[in-house]
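A single chain comes next, written as structure tokens; it is the form predicted on its own.
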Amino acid sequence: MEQPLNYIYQKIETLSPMHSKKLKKNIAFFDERYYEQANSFFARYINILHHDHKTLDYSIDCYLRMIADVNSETVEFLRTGKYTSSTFAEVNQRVYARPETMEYYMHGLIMSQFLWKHHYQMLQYFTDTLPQYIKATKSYLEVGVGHGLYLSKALEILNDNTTLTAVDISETSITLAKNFIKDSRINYNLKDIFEFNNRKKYDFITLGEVLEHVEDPLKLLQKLKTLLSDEGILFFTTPTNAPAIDHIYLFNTVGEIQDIIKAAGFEIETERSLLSEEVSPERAAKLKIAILYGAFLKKSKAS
């Protein structure tokens, strides 16, 4: 069988030549590790699709639907300087409460993990750094499990005796993650994190691209701080200037994200800022090009 990644690129080139040109710009930056991981991931993902009587073509269509949404949202964002939704109630009605929308959106996001360079680079940042915290991590919590890729990587990297807990407000996301991971060691919770009153403290918490989905990101970080052990680590990612159908909170700059980190009582151990386009930082700021920011945080000594 043809390698999944080659098939995906060729299919997108047929269905959307313009978007294909954009994707091909990434290829020069990818190494053998990327192709090995991407093809391994998509081979696993295809088996899940087949189990649900779906094909890779279905997911490619989902991805292109998501791209159409992003393009539409971007036009409005550049015109108004704002995201089209500003409250959870709006995005819940538009996205989360609509299973058919969540279905194509989640499958589209899965595809983007290995088609968008900055998404892939952030995943590598996570998987390359997490091993430093293996010994200190007896309990792991992931908030906003999404498609389950980060959770699956944590499962691979952390010790077998580490307890893993996942919290997500979307039943679609949890179902997708369960199908992707298929491991009974994970305790899934279909719940709003603000209603998750577990008295347990976690040694490591992951929050992947969630802050932009809430009305008050500072409040969310403060909530996670109460769930984190004193010497624990919080890994989180969030973008600047990234219009999407379910994005609420707009970070205009990385500096705004860093300000919220400090206000929530955290210190930065390491951080990454990844541009979504191959342009200079100055041009990115002028054109409002999205930056994906990620950081490993610890509780501030002063807090």
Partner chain sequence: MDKSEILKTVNDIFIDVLDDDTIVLTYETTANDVEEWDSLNHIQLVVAIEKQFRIRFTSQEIQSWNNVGELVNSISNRVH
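Small disclaimer: the values here were computed from a predicted structure and weren't measured. Numbering follows the first chain given and starts at 1.
The form predicted together with the partner chain is left out here; the points below concern that form.
The candidate stretches are 246-254, 232-240, 43-51, 66-74, and the one lying within 4.5 Å of the partner chain in the model of the complex by heavy atoms is 66-74. In terms of contact with the partner chain in the model of the complex, the residue from Lys135, Arg185, Lys182, Arg79 that brings a heavy atom within 4.5 Å is Arg79. The partner chain in the model of the complex comes within 4.5 Å of no heavy atom belonging to Leu15. Proximity of His19 to the partner chain in the model of the complex falls within the 4.5 Å heavy atom cutoff. Although the partner is absent here, Glu277 sits close enough that one of its heavy atoms falls within 4.5 Å of the partner chain in the model of the complex. Residues of 252-290 that come within 4.5 Å of the partner chain in the model of the complex, judged by any heavy atom, are Glu277, Arg283, Lys286, Leu287, Ile289 in sequence order.
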